[in-house]
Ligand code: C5P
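Just the one chain here, the form predicted alone, laid out as structure tokens.
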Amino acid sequence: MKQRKNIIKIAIDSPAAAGAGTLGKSISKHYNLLYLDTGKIYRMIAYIKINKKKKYNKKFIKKKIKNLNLKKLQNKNLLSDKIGTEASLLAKNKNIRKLVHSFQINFAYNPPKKFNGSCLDGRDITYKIIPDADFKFFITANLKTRTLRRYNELKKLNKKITYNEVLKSIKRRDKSDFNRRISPLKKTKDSILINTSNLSKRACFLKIKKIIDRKLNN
């Protein structure tokens, strides 16, 4: 596989609703990096499985991933609790992971020349997808904070959803992500821990920016 040299590679792992997506986007924009929320790919596949059952097969999924339009991953329909739960289950499927893995690797190591590098967030980015990343972060927050964030996000889409439903969903996601046999969520020894529970979006961004700038300027 072709790999660009002298690019910035940032790897972020985190449990659901810890704020990794928001941080990943802001950091990518600041340093002109190609950004990918890898969880959205699994959500896209989950959406197809739930809503387009007749088209759900390996050949169709492979084609969708190969021709993936990043803008389509911003579809609000992918944010539903049902889609998230199914995505977490699909992430345990070895064949699905193999298809997504190839796309992620190419995305990370061969971003278009107009970008200075790449930034990916997910569950196994720091040790499976970009083990040689220049910067590795494990973004987390306490359960209450993550539940409230996801609840507020989903409330805009589904007014009937309750806080307790979201809490149960987050707990299920954590159990699935941390305990799956294939590429479980874990903090690597060389990942920098960032707890966003009591930090604003701006404070989180500045904290990570300081770490990155320190290394880039040395």
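So that there is no doubt, residue numbering starts at 1 and follows the sequence shown. Please read these numbers as outputs of a predicted model, since none were measured by experiment.
There is another form of this protein, the form predicted together with ligand C5P, and it is not shown here; the text below is about that form.
Only one segment in the set 52 to 60, 153 to 161, 65 to 73, 174 to 182 has residues whose heavy atoms sit within 4.5 Å of ligand C5P in the predicted complex; it is 174 to 182. Ala87 is the sole member of Ile96, Ile139, Ala87, Ile130 with a non-hydrogen atom lying within 4.5 angstroms of ligand C5P in the predicted complex.
No residue in the set Lys25, Pro111 and Ser118 has a non-hydrogen atom no more than 4.5 Å from ligand C5P in the predicted complex.
Among heavy atoms of Gln104, some come within 4.5 Å of ligand C5P in the predicted complex. Proximity of Arg123 to ligand C5P in the predicted complex: non-hydrogen atoms within 4.5 Å are present.
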